[in-house]
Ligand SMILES: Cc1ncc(COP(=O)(O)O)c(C=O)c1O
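Before any questions on how it binds or moves, here is one chain, the form predicted on its own, in structure tokens.
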């Protein structure tokens, strides 16, 4: 009997890449050893032990900074950073109109006002050239998030903010280990924010950190969190698990970049998926997600979300990105100076590939391209099936 199934996996066919997305986080021999030692010593259940101190020291050494504060999440770290730089009621904090929702929420939590600016056209990162127009006498800080393999022009941000005393919070939750215009990610502003969430490049299920060379910011963080016990702690168990991952971060960053570059080479002659790649010299991105500008016209009008469903069925963790912030919040909650044209486009058409596959030694890039080509070939069937 002939096989009458549709060629597309989402319509009942066989997937192009049956291994599917790799598991994350990785459980390697070093991680296994950590848990064995935690059981032997009982450190997994202690308030205080050696592991948080070791992690703080390792983070300081890695970033060549004076101060590293561990906390319960990247979201908590952003709030602490805002408090450390002195954001208070009625202040304004500039941020990209396309960013993680919690960054916006943290600003509003402090009764301050997010000021949204649009994105660059080429890589959908915060457009530093629009920064000056967004300034006001109320501007206190800027949150700079580097997202989906893209990089923000930190040299331009500093040239505008530093002379005016505007604090720069650098959110590196998606690219620990990256280099941006000659500076390690997180040290390009006044304070850097890290995340150790369960899907992140450095994973402990939950957790975060702040890094800075500023003594005043360090003191403010300490005063806010030290209440007999830490108000937002990272556990000894989490710290112990993070240490071997930090030791391997540079190696894995190199592998991820090489793997992403192979995919970008394969995409050079293909239309419809344009990687988010920043042009800055002396820079090396990090890839928690690999971002793409999706062009539905190349796929016969197939929606971004339906393309995502089809790629997932073929074995690739390609998902829509964040919602742009002005699309999900009342206009009463934020200020903007311009039309957010590129943020509108990103809201409709950004796609992201989750990072675990970038560590795979298999030739998944060829399979990825076959999946894209197959979806393009049968896009009409996907559209009609969804109507």
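Residue numbers count along the first chain shown, from 1. The structure displayed is predicted, hence computed values, not measured ones.
The same protein also has a form predicted together with the named molecule, omitted here; what follows describes it.
Student: Only one of 86-94, 172-180, 223-231, 251-259 gets a heavy atom within 4.5 Å of the named molecule in the predicted complex; which is it?
Tutor: Within 4.5 Å of the partner lies stretch 172-180.
Student: Each of 75, 99 and 207 near the named molecule in the predicted complex, meaning some heavy atom within 4.5 Å?
Tutor: Yes, the whole candidate spot contacts the named molecule.
Student: Mark residue 103 yes when one of its heavy atoms lies within 4.5 Å of a heavy atom of the named molecule in the predicted complex, and no otherwise.
Tutor: Because a heavy atom of residue 103 falls inside 4.5 Å of the named molecule in the predicted complex, the answer is yes.
Student: Is the gap between residue 195 and the named molecule in the predicted complex 4.5 Å or less for some heavy atom pair?
Tutor: Within the cut-off, so yes.
Student: Although the named molecule is absent from this view, report whether residue 147 comes within 4.5 Å of it in the predicted complex, heavy atoms only.
Tutor: Yes.
Student: Indicate whether the named molecule has at least one heavy atom within 4.5 Å of a heavy atom of residue 322 in the predicted complex.
Tutor: Yes.
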